[in-house]
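Next comes just one chain, in structure tokens: the form predicted on its own.
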Amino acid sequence: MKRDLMDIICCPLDKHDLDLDVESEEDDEVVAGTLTCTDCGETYPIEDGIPNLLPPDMREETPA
């Protein structure tokens, strides 16, 4: 995920801003991390460079 995407994405539940927590980065792209809503606190995973912005009840949990 490019960091520039932070300028246009928002929490799908309440449309507030998201905070980015980077776990790993390659070539100026976030590969793994978490997006957290600044208002409701819901978290959205970033896996393989793809942010999963589905509401929590629609996400498929990945086995640990």
Partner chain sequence: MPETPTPTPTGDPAPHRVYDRIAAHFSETRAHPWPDVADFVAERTGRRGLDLGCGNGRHAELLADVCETAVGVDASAGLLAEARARAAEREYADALALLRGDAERIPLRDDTVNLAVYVATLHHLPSREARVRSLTDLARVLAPGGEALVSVWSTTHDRFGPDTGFDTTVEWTLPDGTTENRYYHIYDPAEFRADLDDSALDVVEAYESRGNAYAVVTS
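All values derive from a computational prediction rather than experimental measurement. Positions refer to the first chain, counted from 1.
If you look for the form predicted together with its partner chain, you will not find it shown, but the lines that follow are about it.
Chemist: Counting only non-hydrogen atoms and a 4.5 angstroms cut-off, does Glu25 reach its partner chain in the predicted bound form?
Modeler: Taking the distances in the predicted bound form, the answer for Glu25 is no, it never comes within 4.5 Å of its partner chain.
Chemist: Taking 4.5 angstroms as the cut-off for heavy atoms, does Leu53 touch its partner chain in the predicted bound form?
Modeler: Leu53: contacts its partner chain in the predicted bound form.
Chemist: Since only the chain is shown here, I'm wondering whether Glu47 would be in contact with its partner chain in the predicted bound form (any heavy atom pair within 4.5 Å).
Modeler: Glu47: contacts its partner chain in the predicted bound form.
Chemist: So in the predicted bound form, is its partner chain close enough to Leu20 to count as touching (4.5 Å, heavy atoms)?
Modeler: Outside the cut-off, so no.
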